[in-house]
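Coming up, as structure tokens: structure 1 and structure 2, two forms of one and the same protein chain.
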Structure 1
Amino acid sequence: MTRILLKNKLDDCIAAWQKAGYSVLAPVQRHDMSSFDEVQKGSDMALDLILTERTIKDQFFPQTEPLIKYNISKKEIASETMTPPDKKRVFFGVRPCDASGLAIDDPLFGWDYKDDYWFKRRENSVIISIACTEADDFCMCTSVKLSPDSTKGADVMLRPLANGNGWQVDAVSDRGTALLESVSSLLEESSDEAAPVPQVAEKFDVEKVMEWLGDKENFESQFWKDISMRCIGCGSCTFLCPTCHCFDIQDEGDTYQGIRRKNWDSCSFALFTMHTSGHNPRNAQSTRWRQRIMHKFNYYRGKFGVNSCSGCGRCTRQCPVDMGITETLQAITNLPR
């Protein structure tokens, strides 16, 4: 027997969590764009999507965020630190690749400096993942050693029932256990079977990729120029990636007052590494594409012991020139050794 949540009890769950002070966010489809946003009832959710177009990362690492408000007068400089709202949140219906992306980024945001903006949101959030029952040609979670029902980054894992009436419910963390306790009267015991997860074929050999990238002889390989010819440097792959995390900090205002703001940036942009002198160490798109692949499958693993990719496939799915990292990693896999 397994605990289950029936779909006809979902609205009661949402109401119970809201009463306990949580905002409930879930996949929604609005204005031709799918993303995570606050919902009031189950019918607001777009749970049939294979994957939202925007990632859950947006809710933890916003595209733009104020850090400090400052005011400079003749005799003093006043500043006010701006912090995220102290709001408890439940994220319902997160796909395993997106939940994994949060766990992959945790060590980065706590590395040489603890990013309180990231961790305050992480500590105030409970992640309820739903195992996939469908995949498309762009999904590649198995290629990076994850799976359609991976629990990495999740606090609660739901597995859709084969009869379509609800989900099997399993707590993955203490935070998830506590959240389920608050709705325990709405859960039932059942022997209903879960729907099977989809078979996601491995699209490249990640071990071969890491081996080739780790060979310094390949850093200046002609391969990088050939494989990146189509890349237009738009940066959409980085903005839609659940693990990409580059940002810069700018002051917006005038001499006397303004706001210091953190904004997303992208290693695909030509100005990303431009020095004040005018020198740019990555002055060609091929060097920027090399950096993107090296960072995800060589440098990040060397620093944190994990690849900076959860296999969601958005970079390929949404690429305006039909590129993405899958093609590059497949090409590396097939290079003669």
Structure 2
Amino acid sequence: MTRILLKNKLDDCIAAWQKAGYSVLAPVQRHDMSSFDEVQKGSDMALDLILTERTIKDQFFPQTEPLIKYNISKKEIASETMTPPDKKRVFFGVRPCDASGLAIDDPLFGWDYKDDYWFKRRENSVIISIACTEADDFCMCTSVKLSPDSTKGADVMLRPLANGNGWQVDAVSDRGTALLESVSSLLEESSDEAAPVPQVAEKFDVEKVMEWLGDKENFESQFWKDISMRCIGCGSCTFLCPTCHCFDIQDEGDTYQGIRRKNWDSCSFALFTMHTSGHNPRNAQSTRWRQRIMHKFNYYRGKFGVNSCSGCGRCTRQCPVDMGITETLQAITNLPR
């Protein structure tokens, strides 16, 4: 017997959480691109999507984040630090790769200096992950040693029932236990089976990839030029990635008032590393592509003990020139040794 949430209780569940002060966010197909957004009832959710086009990262590390508001008049400067909204949130129906992405980025935002903007949101959020029942050709969670039902980064895990009536519900953290407590009267015991998770074939050998990247000899290999020839440096793969975290800090406004903002940036752009002198350490697209791969499968692991990729496949799914990370990692796997 396990606890289940029936679909016809979902609206009550949402209402109960809202009453307890939470906003409820779920996958929605609302704007140009599917994303996580606030919902009022179950029918607002697009739970059948294999994966939203935009990632849940947007809700923790927004595309633009106001840091400081300033006002300048003659010799007087007034500035005010801006903080993220102090709002409790439930994320319902997060795919395991997106939830893992949050867990992967936690150590980065926390090492030594704690990024309050990230953690304030993290601490106020409960993540309800949902196991996948379908995958597409781009999914590659298994290649990075995760799975379609991984609980990494989740507070509560949902497994869709085979009969389609609802979900098995398991708390996987204290925060998750507490959240379920608040709706325990809406859950019931059942022996209904969960739907099977899809088979996701491994697309590359991550051990081989890490070994090749770890060999200093390969840093200047011709491989990087050949494999990245098609990249137009648009940055889509980084913006749509649940783990990419690079940003810029810019003052936006006029001479008298404005806002200092933390804006998404991308290692795909030439300006990203350009010195004022004009010197640019990563002066070709191939060196920037190398940086992205090295960062994800070598540097990040060296610093934080995990690879900075959760296998969501978005970078490949959405690349305008059909490139993405999978092809590169496959090619590295297949290099003669």
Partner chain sequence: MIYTPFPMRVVSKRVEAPGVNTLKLEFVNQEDHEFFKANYHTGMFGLYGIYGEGESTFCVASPETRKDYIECTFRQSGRVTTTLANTDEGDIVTFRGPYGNRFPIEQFEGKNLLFIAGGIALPPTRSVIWSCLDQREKYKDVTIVYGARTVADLVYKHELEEWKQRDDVNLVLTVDPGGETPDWHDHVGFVPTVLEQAAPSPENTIAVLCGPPIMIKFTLAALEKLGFTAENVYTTLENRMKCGVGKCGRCNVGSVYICKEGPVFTAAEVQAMPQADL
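Along the sequence of structure 1, residues get numbers from 1 upward. Remember, predicted model here, so these are calculated numbers, not experimental data. Residues that one form lacks are left out of the comparison. Whichever C-alpha set is largest while still superposing within 1.5 Å between the two forms counts as the rigid core.
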### Query
Just one of these is the form predicted in complex with its partner chain; is it 1 or 2?
2
### Query
Core superposition done; which regions of 3+ residues show CA shifts of at least 2 Å throughout between structure 1 and structure 2?
71 to 78, 253 to 258
